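A lone chain, given as structure tokens: the form predicted on its own.
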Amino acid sequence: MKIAIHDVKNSWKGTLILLLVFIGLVVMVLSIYPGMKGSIDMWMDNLPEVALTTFGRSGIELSMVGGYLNMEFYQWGWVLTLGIYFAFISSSLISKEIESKTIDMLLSNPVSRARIVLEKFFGLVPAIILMNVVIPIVILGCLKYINETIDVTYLFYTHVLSVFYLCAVCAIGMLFSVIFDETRRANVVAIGVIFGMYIVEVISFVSEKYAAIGKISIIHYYDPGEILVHHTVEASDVVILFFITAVILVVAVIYFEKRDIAIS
């Protein structure tokens, strides 16, 4: 696991900055909740129905702190923004090595290409776990400070499933990282895919006739609102996300092993 450990050491500053940004974000979001709690229902009455259903049935329960967290933090901050971040990072891992001509240093060592891909992927897992351990602790601390409560068990489930979701995101990024030689192109495609999946999932809530298309998005299998508000945890979602991650990593390994890499 030398490659994975090396990547973790090289990325710890970026991971720490990311963690501090999200700590600040969740503190800000929860700090304004007491002041606006009383006016949320009136504000929701003035919203069009399509806006209320954009994030599923949990989108209509903003007056509950779980629903509020889902709409104001998890949906756009965690699912989308954090997803895009990990798509960007993972899609850079191998494409950057190829573009900068440092891949030859890795390939000159007695290590298989499959191991390179997998260790690069596993090098991202500590950052994912750290985010999903620290942020719920911060959330619980903030809720205690503002005298609000949330079911700790389902907050825990929210972040357990988040690990599987973010691993799937990283697998997608890794696939594009081995396909493209240019880091920027790999980044753009990976981010575009995650953002596109987010849009597809949003569209699936607009009308029942579009509901089926949501299943092509990995975001369909990770809904923080359903877990936090309705206490619904589907074991099948974990299995599907794990399966997607495994399949994409296998495809990435096979492609990387078979492709020609120009080494100067």
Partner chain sequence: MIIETRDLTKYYGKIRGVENLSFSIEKGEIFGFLGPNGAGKTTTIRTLLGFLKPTRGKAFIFGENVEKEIVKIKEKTGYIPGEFALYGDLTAKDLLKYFGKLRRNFDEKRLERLLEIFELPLNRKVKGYSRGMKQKLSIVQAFMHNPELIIMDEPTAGLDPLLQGKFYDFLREEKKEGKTMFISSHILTEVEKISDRVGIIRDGNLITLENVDSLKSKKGKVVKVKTAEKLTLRGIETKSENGWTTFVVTKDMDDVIKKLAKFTIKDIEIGELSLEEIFLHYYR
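Since the model is a prediction, treat every value here as computed from it, not as a measurement. Residue numbers count along the first chain shown, from 1.
Beyond the structure shown, there is the form predicted together with the partner chain, which is absent from this document and is the topic of what follows.
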In the predicted complex, is there a heavy atom of the partner chain that lies within 4.5 Å of any heavy atom of Thr149, even though the partner is absent here? no
With a 4.5 Å heavy atom cut-off, would you call Ile103 a contact of the partner chain in the predicted complex? yes
Using the partner position in the predicted complex, report whether Val8 sits within 4.5 Å of the partner chain, counting heavy atoms only. no
Against the partner chain in the predicted complex, would Ser112 count as a contact residue? Criterion: heavy atoms within 4.5 Å. yes
Establish, in the predicted complex, whether Leu161, His231 and Asp237 all lie within 4.5 Å of the partner chain, using non-hydrogen atoms for the distance. no
Answer option from Ile179, Val138, Leu107, Val193, heavy atom within 4.5 Å of the partner chain in the predicted complex: Leu107
Heavy atoms within 4.5 Å of the partner chain in the predicted complex: which of the stretches 92-100, 71-79, 153-161, 126-134 has them? 92-100
